[in-house]
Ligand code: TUI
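Coming up is one lone chain in structure tokens, specifically the form predicted alone.
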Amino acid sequence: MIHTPLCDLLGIRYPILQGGMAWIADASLASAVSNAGGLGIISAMNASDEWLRTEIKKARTMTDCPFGVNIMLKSPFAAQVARVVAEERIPVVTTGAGDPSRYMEGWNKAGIRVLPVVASTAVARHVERAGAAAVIAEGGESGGHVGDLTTMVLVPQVCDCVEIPVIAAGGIADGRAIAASMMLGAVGVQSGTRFLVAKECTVHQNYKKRILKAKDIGTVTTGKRLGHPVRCLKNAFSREFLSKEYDPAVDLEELETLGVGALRLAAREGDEQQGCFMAGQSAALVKKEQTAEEIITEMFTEAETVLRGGNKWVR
């Protein structure tokens, strides 16, 4: 069995976190991942503090295991949800889309382990100084908002520049990726796309079907012109967005408006034309719908096999 310092830090059996996917990572998925031995995550997305508190309470009726909350720091409710996680004594918070420093002291006083998502060594060093317990080094292969560096390049550089544990993210969909991440220096992984097809995931079935049908070149990155690129599956929405993104007649405000609500349309309504189906490049590796327990068990069984055979090329 693979056991790393991340297991001890977070009180989990397997060193894996489920990604904090907006409109997808709810109490149902988070509790299933936690019950399976990983760390489930509820996404606070742009929801209110009342919504988050209700979801936390719901998760606690579904699991006795630790789970976390992902906070998007550009949310208009960021300050309120930051207070909620402290009041509810959530053991782990992951952060994205902003600098968590202003909240770190309060979270640390509340006993919360803070795991910011980082896309560069500079940000990794910054959040370490601010009191992060670990960092999630996320490569551009991941779904949703992405950086420029790939996981293969980013993870070892982050491992070299910080003293705290590093969790690899981006392109993690099977045991081979887990084994590779650990060889790069990571003590655990975060996976999002693979959990989209978990049976406990409440995302629309159309979303799951599109993941299961995805090809190796089935994703595209949009929004670079806006300064916050997003990786999603290719469909009518992404094609229209790309055509307008590089049309000089379309201003930034119009382009920004085009994406508003598109993820919800995909995740909750299954709109295959106007929905934005955020997914990582690893979608093509996802072949079947399984329970969260089956996903985690399969991934780590494969990782153990790969790691045991890792010296076959060494003489």
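Worth saying up front: this structure is predicted, and the values here are computed from it rather than measured. One rule holds for the numbers: they count along the sequence shown, beginning at 1.
One more form of this protein should be noted, the form predicted together with the named molecule, which is absent from this view; the next part is about it.
Contact annotation: the named molecule lies within 4.5 Å of heavy atoms from the stretch 96-104 in the predicted complex, the single such stretch among 159-167, 172-180, 96-104, 213-221. Every residue in the set 72, 119 and 144 has a non-hydrogen atom no more than 4.5 Å from the named molecule in the predicted complex. Among residues of the shown chain, residue 199 is not one whose heavy atoms approach the named molecule to within 4.5 Å in the predicted complex. Taking the partner from elsewhere, residue 239 is found to have every heavy atom lying beyond 4.5 Å of the named molecule in the predicted complex.
Of the heavy atoms in residue 225, none are within 4.5 Å of the named molecule in the predicted complex. Residue 130 falls outside the set of residues with a heavy atom inside 4.5 Å of the named molecule in the predicted complex. In summary, among the residues 110, 152, 79, 123, the only one with a non-hydrogen atom within 4.5 Å of the named molecule in the predicted complex is 123. Proximity to the named molecule in the predicted complex, defined as a heavy atom within 4.5 Å, holds among 267, 283, 278, 32 only for 278.
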